[in-house]
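A single chain, nothing else alongside it, follows as structure tokens in the form predicted alone.
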């Protein structure tokens, strides 16, 4: 009987940059599209059908005494492959519980900072999908920003911290993953905030997320200041927290910039995107710490497992911020768009409240890599 490893244990290994060897037994096309990555991860691919009866395909590639974590789509084939390997004399084999589907859903909380007048800011890293969400905590209250659909994670974390979630906020209408913000607000009795320019077709009530309408967490401690910053969507709105942290949503990432085409409006919105990145953000302090809603590679994870950088540093090194004029920016954006995210239109419809897929279908809709950025 093979041993199993939970996604949380694997996540901690990757965040702590521990040496990890992974055998992925999915089909090669699926592996090439999306895989587990980490600074200290070594990963090879051998499809399960090559290992059904014997493991000769692994000869010379894996030492029989080394630790191996076997991964598949949902945790079934990996368990069988691990058992076949053990029968062949491999002594230290684990299968990943729930496979890539479970890996895609895991959220790892990382503390960003204690805030200036009390309270704290946390980042939730979705290692298998590249999504980043946030919780600001102060005086028994919390606000959650860009929540994923696994709302139980935020509810448990708030309970551990002894706080009540009073606000949930989406910086924009998401198209790459199903938002949990509205459900989280319903579960906790909080208020759900959404930019009104992204809410034209939604089927539910919300509080408008707009400039000049700050959100307070705790009595006076944390001010969440919205900053209108269109481009990824027409309503995209950034948040300045504690006058130190700039939550950019999907407008600006550490190594790239947001794509303007997920609602089919690339030509219309690319100008807004440039205005936000080259004008609106330029007026802000270089010392602001950028906290995006996604990251594209494990190289962006810091030593503590967080994703963050100073705004001024990004203006020096982010390729998407180096275009000399409007035409070169437009060319850069339109010529470097990656494939659309899986099921992006269905996800948008779900986030508008127009459809309500079953949980299993939601998992399937989200499977695959993050594709919110321009490959500048």
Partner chain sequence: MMEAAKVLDAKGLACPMPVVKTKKTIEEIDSGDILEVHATDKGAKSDLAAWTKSGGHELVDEAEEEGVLKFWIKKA
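Note that the structure is a prediction, hence the values are computed from the model and not measured. Residue numbers count along the first chain shown, from 1.
FYI, the form predicted together with the partner chain isn't displayed, but the following is about it.
Interface membership of residue 289, defined by any non-hydrogen atom within 4.5 Å of the partner chain in the predicted complex, is ruled out. At a distance threshold of 4.5 angstroms between non-hydrogen atoms, residue 207 is out of contact with the partner chain in the predicted complex. Using a 4.5 angstroms limit between non-hydrogen atoms, residue 153 is distant from the partner chain in the predicted complex. Using a 4.5 angstroms limit between non-hydrogen atoms, residue 77 touches the partner chain in the predicted complex. Contact annotation for the candidate site: 37, 40 and 97 all lie away from the partner chain in the predicted complex (no heavy atom within 4.5 Å). Segments offered: 46-54, 327-335, 314-322, 347-355. Contacting the partner chain in the predicted complex at heavy atom distances within 4.5 Å is 46-54. With contact defined as any non-hydrogen atom lying within 4.5 angstroms of the partner chain in the predicted complex, the contacting residues in 17-36 are 27, 30, given in sequence order.
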